[in-house]
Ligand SMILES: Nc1ncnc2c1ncn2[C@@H]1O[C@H](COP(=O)(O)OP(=O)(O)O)[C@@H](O)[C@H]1O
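Given next, in structure tokens, is a single chain: the form predicted alone.
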């Protein structure tokens, strides 16, 4: 499986040398992401110039930064293969889909996603997991490089991903599959092949409202469990009101 060109500089000078080798733009990404995200509220720095690279490396240095090429393509070129593998390597549940929009654009989290079955992508992702002797839930994320059409590995998350409820809506309830396997009652294997649905966060503070083409799965609002949706709506409305007040004061 192809991967983005990546370097691991140990100094600002080595970071500059790597940039000259790989070319710009580049991503400066942390090897220790939790503290980085808390500090900067983002997953990576995108650098278009050497000056931006110097600044980004200095900020990220406490979090063991790496430099990585930017795989060319829009946010809709990001694909996910989510699965549960048992101890023998059998895939008891497999979902395949892609992002259609993320926030913020470029390096962010899913805002709108859809199920889309790509057999070759599923096969190569499962082969990779089995080669690692992986057991359990995971998300393999890849991006299609528009320069040559190849799919490059972005990451393997050893957990559920943000929009995994779309998998459930497509007939692949991964948390339930994991529970049943761990309690000695493994289900028959299932996949999302042939099912086309979408997932979306309809309301998000600071972003325009989105209404994807039905049928789609709403990320927060649910008739079966309305409280999270009501809390989300209240927070969204409060942030909108504060933004409106700031705009009014600025205009005055």
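Residue numbers count along the first chain shown, from 1. None of these values were measured; they are calculated from a predicted model.
Absent from the display: the form predicted in complex with this ligand. The rest refers to it.
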query	finding
Exercise: residue 108 in contact with this ligand in the predicted complex, heavy atom 4.5 Å	yes
Residue 29: touches this ligand in the predicted complex, heavy atom cutoff 4.5 angstroms	yes
Residue 154: touches this ligand in the predicted complex, heavy atom cutoff 4.5 angstroms	yes
Non-hydrogen atom contact residue 170 with this ligand in the predicted complex at 4.5 angstroms	no
Partner-facing stretch of 213 to 221, 199 to 207, 47 to 55, 64 to 72, counted where any non-hydrogen atom is within 4.5 angstroms of this ligand in the predicted complex	64 to 72
Contact test, all of 138, 160 and 164, partner this ligand in the predicted complex, heavy atom 4.5 Å	no
Heavy atom within 4.5 Å of this ligand in the predicted complex - residue from 112, 126, 177, 78	78
Residues within stretch 1 to 24 having a non-hydrogen atom within 4.5 Å of this ligand in the predicted complex	4
